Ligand SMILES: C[S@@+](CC[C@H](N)C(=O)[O-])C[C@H]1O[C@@H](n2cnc3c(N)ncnc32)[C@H](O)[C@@H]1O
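Just one chain is shown here, as structure tokens, and it is the form predicted on its own.
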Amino acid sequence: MPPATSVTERDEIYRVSCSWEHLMSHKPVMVQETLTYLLHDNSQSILDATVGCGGHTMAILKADPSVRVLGIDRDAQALRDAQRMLKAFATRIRLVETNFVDVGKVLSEWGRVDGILADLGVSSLQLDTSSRGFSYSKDGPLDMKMSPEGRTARMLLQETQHSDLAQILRQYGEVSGATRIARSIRRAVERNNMRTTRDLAIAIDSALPGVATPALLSKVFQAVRIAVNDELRNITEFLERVFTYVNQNARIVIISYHSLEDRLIKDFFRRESKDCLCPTAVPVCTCDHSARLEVLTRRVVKPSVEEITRNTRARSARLRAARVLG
């Protein structure tokens, strides 16, 4: 087995900083829709649970001069970029490096909030930084971590047998031909040919009679990234704890980018907007569940055609929103 990426190399990956021009060109998705659902008359404190480079937070601070924002992210580089972006609003923000699953520790000092925004997925700046290893279109080390800690995508592929890897591809990427692709990846690992994103793309190609489509490459890379960062479990845990973070009448706005995330959010909103969760065959309610949410988006909200034209990466974004009841 080839040696894992050294600590020095991993640290260097997270010291890469985007140019100021690149940072300023970053486009947060569905900004107006987010503000419409997130802010209300009593908004005083907002949690941006995935602040990234600060695009949504900047829009929030500009839209309401009385609002403070607590911005968290597990990506240290993103927080450094956000600090630069939001310098003019320094008295109204606090930025903290942490996973949103652990935000309760930060909120114990900050206090409950009147709104939560979570923009899930990978930012365009992460995708465009080849040393982060998120994109099949840019050759770089097989990293894919949202933060410096934990195992890399390369380590995951080295340590996972083909049957488990095939399950990851099916479950997290809904990949057709997952078993065949997993075997090809494992062969490359065993030949010591699995070090970079290009190596992974070649292994996917090798499993097919023709060339892998961008859609297939995207699904495989998505599945590996989700497994590396344990993304779906983190979302589930965050949603389960969300009511301990918010004041009455708070708004929750979540933007997702693939069906697995969206399904988790949709099911959570639907469940928590019901007064009874008992099976329909049960004649009398025994669950004692009371509705805690009012769903504000009867249907999922998608970007406009105009926004997708300006920013093609917004095309897969899906927004859902809800209001916290008493």
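Owing to the predicted nature of the structure, the values given are computational and were not obtained by experimental measurement. Quick note: we count residues from 1 along the sequence shown, nothing fancier.
One more form of this protein, predicted together with the named molecule, exists but is not displayed; see below.
K.L.:
Tell me the stretch among 206 to 214, 136 to 144, 68 to 76, 168 to 176 that has any heavy atom within 4.5 angstroms of the named molecule in the predicted bound form.
P.N.:
Selected stretch: 68 to 76.
K.L.:
Using a 4.5 Å cut on heavy atoms, which of 98, 130, 249, 158 is close to the named molecule in the predicted bound form?
P.N.:
When the named molecule is considered in the predicted bound form, the option within 4.5 Å is 98.
K.L.:
Which residue, 126, 196, 218, 184, is the contact with the named molecule in the predicted bound form, using a 4.5 Å heavy atom cutoff?
P.N.:
Looking at 126, 196, 218, 184 one by one, just 126 meets the 4.5 Å heavy-atom criterion.
K.L.:
Even though the partner isn't displayed, in the predicted bound form is residue 119 close enough to the named molecule, meaning a heavy atom within 4.5 Å?
P.N.:
It does: once the named molecule is placed as it appears in the predicted bound form, residue 119 has a heavy atom within 4.5 Å of it.
K.L.:
Are any of the heavy atoms in residue 152 no more than 4.5 Å from a heavy atom of the named molecule in the predicted bound form?
P.N.:
No, residue 152 stays farther than 4.5 Å from the named molecule in the predicted bound form.
K.L.:
Look up in the predicted bound form whether residue 49 has a non-hydrogen atom within 4.5 angstroms of the named molecule, and give yes or no.
P.N.:
Yes, contact at 4.5 Å.
K.L.:
Using a 4.5 Å heavy atom cut-off, are 28, 53 and 56 all in contact with the named molecule in the predicted bound form?
P.N.:
Yes: each residue has a heavy atom within 4.5 Å of the partner.
K.L.:
Could you pull out the residues of 226 to 249 that have any heavy atom within 4.5 Å of the named molecule in the predicted bound form?
P.N.:
If the 4.5 Å heavy-atom criterion is applied to the named molecule in the predicted bound form, 226 to 249 yields only 234.
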